[in-house]
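The chain below stands alone and is given as structure tokens, in the form predicted alone.
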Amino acid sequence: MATGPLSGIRVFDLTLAMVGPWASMQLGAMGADVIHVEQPEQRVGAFQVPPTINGTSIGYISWNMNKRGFTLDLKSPQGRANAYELIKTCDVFLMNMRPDVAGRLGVDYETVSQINPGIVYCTVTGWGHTGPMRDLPGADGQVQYFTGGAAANGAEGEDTEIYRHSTQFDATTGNYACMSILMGLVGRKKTGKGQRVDISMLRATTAMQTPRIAEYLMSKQNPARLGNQAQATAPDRAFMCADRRDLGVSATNEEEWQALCKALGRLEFIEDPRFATNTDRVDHRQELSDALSPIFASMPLDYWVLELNRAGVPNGRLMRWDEIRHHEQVLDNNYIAPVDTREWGRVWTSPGPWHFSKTPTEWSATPTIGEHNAEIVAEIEAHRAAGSSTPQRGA
């Protein structure tokens, strides 16, 4: 029995790839009954992105936890009839496909809201429902290129770079979708009415880049590519230490800058007019890096971590996954947890970024395709048999 804050909420989850599944996975972790609806034999083709476990993409496994698996052929009369009966019992409808697909499958907002007026209906597209790009595919890579995310990243004077985890823009859009659905449910509680919520990757990831866009609007200059350096503060970058390990150092205000100079034993930097204020340090970024780099290169990383922590200067060693996985801070806070699956064995995941003191969340295994068909069909038949005596969810 689900115990999370969304216990009692049911989601019709017609999603694929990452954006939509990521959003519905969060809803499921918070206690919603997420029914992940797929076409029979859905797990083929593009969703087999390596690496895989027993022929299934790790991405698919990672993004579809906390759900029940159900197959429906929405192009068949029986499949569509079952879908409509299931929609009557749902509070949320979530779909991430191109704009016209919902209509072709018979689950557009007009149809769904007639079946269940109280439903919160959320669609996620790449580019929005209007405009010359509305029907183009939109995924993480394309959106990074189009929104300027790639153009602003990379080493100075070198090629542009995309975010290498290839999920940052997908996950951000999914988080916005989850948040919007929650707000839709709050609105329904106040008004008694459902509504449509439209999210696009273009709009969501533009919002994510608001600080960089603000820099351009103020200066009329495109953000420069600066490698591992921050745009608005200096020094705020990684330095190579004597043991060939990288240390990130951030001095984001005058107090931290002066503390850094004292920790380095270079009080003369405080009086240097080139470095007097953050604006000065940004304007003389290269000269500042040239002055600091040999200092950090003179001693090993652990020495500088000790000195900077003692001085109160923000810093952090550049960690890799094999280090993070076993770090005491991660283990003590249970930030990575095992989930046992039937088809893929034990997998490890991050069990959500939040903690609810009175309604704890849970993470459950990714279902196989159609794993819960029998029980969900039984629920549909029971609801159909009850007929009009059973109220629609959210109505």
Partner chain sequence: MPGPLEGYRVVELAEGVGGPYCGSALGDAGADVVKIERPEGDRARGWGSRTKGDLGAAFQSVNRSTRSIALDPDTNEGAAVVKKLIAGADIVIADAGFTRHPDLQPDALMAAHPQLIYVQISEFGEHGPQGNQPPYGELVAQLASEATTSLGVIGESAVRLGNDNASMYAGIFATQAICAALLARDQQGGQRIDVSLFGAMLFMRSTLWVALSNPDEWWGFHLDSYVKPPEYGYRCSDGAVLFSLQGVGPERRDDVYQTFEMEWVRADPLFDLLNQDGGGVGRYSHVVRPLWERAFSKFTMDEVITKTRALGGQAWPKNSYEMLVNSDQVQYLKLIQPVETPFGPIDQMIPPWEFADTPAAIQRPAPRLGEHAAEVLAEAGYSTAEVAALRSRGVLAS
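Just so we're on the same page, rigid core means the largest C-alpha set that superposes within 1.5 Å between forms. As the structure is a prediction and not an experimental result, all values here were calculated from the model. Numbering follows the first chain given and starts at 1.
The same protein has a further form, the form predicted together with its partner chain, not shown here; the description that follows concerns it.
The stretch among 258-266, 74-82, 136-144, 287-295 whose residues place heavy atoms within 4.5 Å of its partner chain in the model of the complex is 136-144. In the model of the complex, G370 stays away from its partner chain, with no heavy atom inside 4.5 Å. Although the partner is absent here, M208 sits close enough that one of its heavy atoms falls within 4.5 Å of its partner chain in the model of the complex. Its partner chain in the model of the complex comes within 4.5 Å of a heavy atom belonging to D236. Residue contact check for L308: none of its heavy atoms lie within 4.5 Å of its partner chain in the model of the complex. Though its partner chain is absent from this view, in the model of the complex it lies within 4.5 Å of a heavy atom of just one residue from P300, G118, P99, G248, which is G248. The three marked residues, H326, S364 and V377, fail to reach its partner chain in the model of the complex, with no heavy atom of any inside 4.5 Å.
Contact residues in stretch 342-367 (any heavy atom within 4.5 Å of its partner chain, taken in the model of the complex) are R346, V347, W348, T349, S350, G352, P353, W354, H355, F356, S357, K358, T359, W363. If you fit the rigid core between the shown form and the other one, you'll see the Cα of H355 move by less than 2 angstroms. Core-superposed comparison between the shown form and the other one: the C-alpha position of P235 differs by no less than 2 Å. Superposition on the rigid core between the shown form and the other one places the CA atom of G316 2 Å or more away from its counterpart.
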